[in-house]
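Only one chain comes next, encoded as structure tokens, the form predicted alone.
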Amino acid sequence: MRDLFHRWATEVGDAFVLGVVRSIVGGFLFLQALSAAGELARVGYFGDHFHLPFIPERFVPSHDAYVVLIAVRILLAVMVTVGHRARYALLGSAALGVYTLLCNRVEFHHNRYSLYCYAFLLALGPSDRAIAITRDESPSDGAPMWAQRLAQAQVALVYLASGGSKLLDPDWRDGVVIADRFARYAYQALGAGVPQSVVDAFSTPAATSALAKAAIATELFLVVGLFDKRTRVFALWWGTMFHLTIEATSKVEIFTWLTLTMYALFATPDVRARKLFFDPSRARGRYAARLVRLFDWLARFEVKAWKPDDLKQGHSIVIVRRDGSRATGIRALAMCARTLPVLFPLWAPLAFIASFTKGGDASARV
């Protein structure tokens, strides 16, 4: 146990992904603060209406103090996003966000609390080393990873609490809660293009009961699957599809996108560890290179061109994996889907198809 703790406490890696996640979380903090400002202008100060504070009423801010608080939250969120004294801004955002929730439990939502919790955990790590306008060290300067591991543990804790509470709730196990959600938010699925017949089929008691059990099993699986190297990629893909389904069928504010953002913290911190070589004389090669450069938000690839006559057999692209093996064709496409967040939902079907093909072309000299 002592050796395990020591490895956990002394683990280092590249902080680039931490910077990306911090910047996106800053955007979420900005949207939350802006939403509070909009609600203040539209509805008025919450203290003048019915509210239930967690804290004594005397600690609830006045109207003018609340206006200042929102302005400070917006400023801190901008600092987090651009990376100016980002760790201090994260701490401030987390503290003010939690304070705001304590002032009125009517406005408390788990996704909002999760956002402030993740902001606090990111403040503990070197998330200011990348995607930042002011920084003293580069992302690869041996950044400690323990705070990132705490954020990963928080993701698992959310799944454990959610899946465990559903498992103990008979209405959840029997599908009553999901049936209610379908009744409330089916219009979102219809608006997204889902046929009415599909919505009706999934709204039956048998279907909602099965979906409830699948949801509980999914959340409890993710608690463990995200941390096992053998299941991590599949767990990330399954979780992504799970949350996108929730987003299409329920109203959960930013929870889907916040959780998918935190998934990036499970990526191995090895920036540019893979290489993509493309044939600049082929349109498909050029387009593939542009696509990877555009959507490689986690900096997984080093993209380079080659001369066409450097290959014994012509390929538009050749990917060199971290272990030095090479992938072409459908296997290269599957590798791109595995490592590019915007294409990640396509990874499992592409990997399944690729499993029936031959391996990467070992004759390519790259």
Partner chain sequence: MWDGAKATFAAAWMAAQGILIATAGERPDGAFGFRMFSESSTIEVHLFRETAEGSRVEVDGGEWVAKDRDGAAHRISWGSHVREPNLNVFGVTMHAAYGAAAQTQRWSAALEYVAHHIPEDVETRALELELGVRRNGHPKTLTRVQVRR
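Nothing here was measured: the structure is a model prediction, and the numbers come from that model. Residue numbers count along the first chain shown, from 1.
The same protein also exists as the form predicted in complex with the partner chain; that form is not shown, yet it is the one meant from here on.
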Exercise. Residues in which of 232 to 240, 282 to 290, 245 to 253, 69 to 77 have heavy atoms within 4.5 Å of the partner chain in the predicted bound form?
Worked result: 245 to 253
Problem set entry | Partner proximity in the predicted bound form: F221 to the partner chain, non-hydrogen atom cutoff 4.5 Å | no
Exercise. Is there a non-hydrogen atom of Y113 within 4.5 angstroms of a non-hydrogen atom of the partner chain in the predicted bound form?
Worked result: yes
Exercise. Within a 4.5 Å heavy atom cut-off, is A153 in contact with the partner chain in the predicted bound form?
Worked result: yes
Exercise. Could you tell me if Y88 has a non-hydrogen atom within 4.5 Å of the partner chain in the predicted bound form?
Worked result: no
For this session: Kindly confirm or deny that D48, L121 and L157 each have some heavy atom within 4.5 angstroms of the partner chain in the predicted bound form.
Result: yes
Exercise. Which residue among R272, H109, R173, H84 has a heavy atom within 4.5 angstroms of the partner chain in the predicted bound form?
Worked result: H109
Problem set entry | Stretch 173 to 188: residues contacting the partner chain in the predicted bound form, 4.5 Å heavy atom cut-off | V176, V177, D180, R181, R184, Y185
